[in-house]
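Below you'll find only one chain, the form predicted on its own, shown as C-alpha cells.
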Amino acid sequence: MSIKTLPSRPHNLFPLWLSLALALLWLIIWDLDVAFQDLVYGIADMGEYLSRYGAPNLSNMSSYLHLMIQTLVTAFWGTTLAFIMAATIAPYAARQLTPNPFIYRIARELLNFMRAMPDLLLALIFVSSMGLGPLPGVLALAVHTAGFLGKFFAENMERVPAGKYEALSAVGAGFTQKIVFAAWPSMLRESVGNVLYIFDRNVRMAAVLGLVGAGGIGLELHDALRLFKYNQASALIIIILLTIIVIDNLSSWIRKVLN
C-alpha cells in the first residue's frame, strides 16, 4: 500500500502583498504630490489644534441637551417624511409592481434626483426661502434620504418572489392590495433596518446642517467655533458623540430583536 505524498507547502504571499501595498502607497504619494515634511508639520499643527479642546465647558449642559433634543427631533421628522415619500414612490420604481415602463422610469429618475441633491445644498435652499430654524433641516433631510429609502424599498419589493404577486393578481387584487398584502409583509424586517440606518445617519447630518442655519446643536457648535470658544465646542462635540453611540446601540438592539 503506497503512502500518498503530502501536498506541497503553500507559498507565502505576504512579501507580494506588502510589495503591492508599498507600490500603491508610493503611487498615491506621487500622484498627490505629497511632501513628507508637510505631513510632519501638519501632524504637529493638528496636535496643537486638538489640544485646545482639552477642557470641555459643561456649565450650560441643560441648554446643550435641549439643543441636542431639537436635533433629534429634526432627524426624526426628516426620517418620517422621507419614509412617507419613499413608501409612496417605491412601488412605482419596482419592476414587478409598476403599472408601465414609463412610470417606472419617472419614479427611478425622481429617486436618483433626490439622492443626487446634497443635504447641505438643500438646507441652504430651504434656509434661504424659509429662514433659520429646524424646518429647513427637516425638509432637506427628508428630500435627500427619501431617495435612498425609496431605492431600498423598491429593490426589496423586486426581491419578493413573483409568485406572491401573481397569486394576488389571480384572485383579482389590484395595485394597492399587492403592495399591502405581498410587498410589505415580505420585506418588513429588512425595511425596518433600512429606516433605522437612515435615522442614525440623519442624526449626524442634522447636527451638520446646523452649521448652515438649520437649527439644533449644529448651529450652536458653528457659533462656538466661529468665536474660538473651543471649550464650549468640545462639550457640544462630546454630547453629539455620546448621542450617536446611544442611538447606534439602540438600533443594533432593535435589529437583534427583529431577527
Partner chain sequence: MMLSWYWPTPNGKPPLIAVLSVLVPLAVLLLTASTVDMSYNKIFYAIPRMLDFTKNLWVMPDWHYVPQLAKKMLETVEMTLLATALAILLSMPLGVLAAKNASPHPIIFRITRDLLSFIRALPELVWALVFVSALGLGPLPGIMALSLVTVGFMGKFIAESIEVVDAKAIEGLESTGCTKFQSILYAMLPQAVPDFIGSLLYILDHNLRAASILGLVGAGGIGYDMVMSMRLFNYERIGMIALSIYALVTLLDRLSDVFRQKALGGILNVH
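Note that the rigid core is defined as the largest set of C-alphas that superpose within 1.5 Å between two forms. Numbering follows the first chain given and starts at 1. Just so it is clear, the structure is predicted and the values come from calculations on it, not from any experiment.
Although not depicted, the form predicted in complex with its partner chain is the subject of the following passage.
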May I ask you to check whether residue 18 falls inside a 4.5 Å heavy atom distance of its partner chain in the predicted bound form? no
Is there a heavy atom of residue 148 no more than 4.5 Å from a heavy atom of its partner chain in the predicted bound form? yes
Please determine whether residue 189 contacts its partner chain in the predicted bound form, using a 4.5 Å cut-off between heavy atoms. no
Is there a non-hydrogen atom of residue 129 within 4.5 angstroms of a non-hydrogen atom of its partner chain in the predicted bound form? yes
Of 55, 65, 34, 58, which residue is found within 4.5 angstroms of its partner chain in the predicted bound form when only non-hydrogen atoms are counted? 34
Option touching its partner chain, based on a heavy atom within 4.5 Å in the predicted bound form, out of 87, 81, 107, 160: 81
Those residues of 105-119 which, in the predicted bound form, come within 4.5 Å of its partner chain by heavy atom: 109, 112, 113, 115, 116, 117, 118
Once the core is aligned, does residue 241 move its Cα by at least 2 Å between the shown form and the other one? no
My question is whether residue 250 is one of the residues whose C-alpha shifts by 2 Å or more between the shown form and the other one, given a fit on the rigid core. no
